[in-house]
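Have a look below at one chain only, the form predicted alone, in C-alpha cells format.
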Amino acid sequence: MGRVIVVTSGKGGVGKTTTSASISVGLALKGYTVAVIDFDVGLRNLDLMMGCEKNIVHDFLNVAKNQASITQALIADKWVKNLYILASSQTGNKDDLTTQGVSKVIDALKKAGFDFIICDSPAGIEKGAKLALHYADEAIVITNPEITSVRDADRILGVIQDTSKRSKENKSPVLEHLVLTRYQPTKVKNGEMLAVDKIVTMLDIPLLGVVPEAEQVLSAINSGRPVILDKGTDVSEAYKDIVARLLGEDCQQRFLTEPKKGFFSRIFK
C-alpha cells in the first residue's frame, strides 16, 4: 500500500509547495513510484513548480467528480522517471471537493501501485486542507523560524489527529514530522529568528530537516524546475537529507550553524 504523506502548514508562503515538489522528486530519484497531488482547488501552483502547466488536460477535481480517470489526469514528470503530477483545478470551487471524491482519487492511486502519494495541502485549516489530512498516514508540517509561523504550525498539529481517518478507525496515529525552511543561522545568532531547538521544543514533534534560506529557491520556482535538482547547492542537499530521513536513513542534521570562514575570508572580510 502506498504511503500517503500530506505536506501542510498553518501559514502560507512558508515553502510548502517547494517542499512537496522536492520531496516527490527526491523519492522518485531513489527509484520509488510517486504521485504528487495539488489539493489547492482554485489556486493551483504545483504545476508551475514542476514545469507542467501546459500539459494539463484533466485535473484532480475531474477525477474526484468522475469526469476523468486517474490515468487520463496524471502527468508524467519531465525531470525524473516514476513521478506523476495530479494538478488541481484552477477554475473549480473548494466546496466541490468531497470526502467521497478524495477517497476515489487516493484509492485509485493506491490501486495503481504508487509507493508514495504526496499531498500538497492548502495552508491553514480550510476544507481542502482537512480533506488532505483526513487520508494521511504521515504529515510533514512546514514552518519558518518566526513566531507567527510557528504558532500557526502548532494550530495545525492540533487539527491533524482530530481530522485523520486513522484516528477515527482507532489505528496508529498519523506520524508527524517537522521541516523548518528559510533558516538563517546568522539571524538566529543575532536574535532575529527562532533557533531550531526552541521551535522543536515548542511544537514537540521530530525534526525531519532544516532548509536554509537560498536565492536558488526563487530561481527554481520561476523556471519550473524543483530546487532539489540544483546539484551542489545547500538547499538541494538539505532536501536530499530530508528524503533520506523520510526513508529511515540516519543523517546528521546540517545547516544549523554558520559556515566556518576560511583564513583568507577572515582576512579580507
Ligand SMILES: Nc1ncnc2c1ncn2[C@@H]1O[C@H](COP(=O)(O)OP(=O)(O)OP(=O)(O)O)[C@@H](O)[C@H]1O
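In this text, all values refer to a predicted model and were calculated from it rather than measured experimentally. Residue numbers run from 1 along the displayed sequence.
Just so you know, the form predicted together with this ligand exists too; it's not on screen, but the next bit is about it.
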> Which listed residue (Val200, Leu229, Ile56, Ile221) meets the criterion of a heavy atom within 4.5 Å of this ligand in the predicted bound form?
Replying inline: Ile221
> Of these, Ala123, Leu131, Met193, Val179, which has a heavy atom no more than 4.5 Å from this ligand in the predicted bound form?
Replying inline: Ala123
> Should Met49 be counted as a contact of this ligand in the predicted bound form, where contact means heavy atoms within 4.5 Å?
Replying inline: yes
>> Within 4.5 Å, heavy atoms only: does Asp40 come near this ligand in the predicted bound form?
In response: yes
>> Taking this ligand as it sits in the predicted bound form, is Glu213 in contact with it (heavy atom to heavy atom, 4.5 Å or less)?
In response: yes
> At the 4.5 Å heavy atom threshold, is Leu27 in contact with this ligand in the predicted bound form?
Replying inline: no
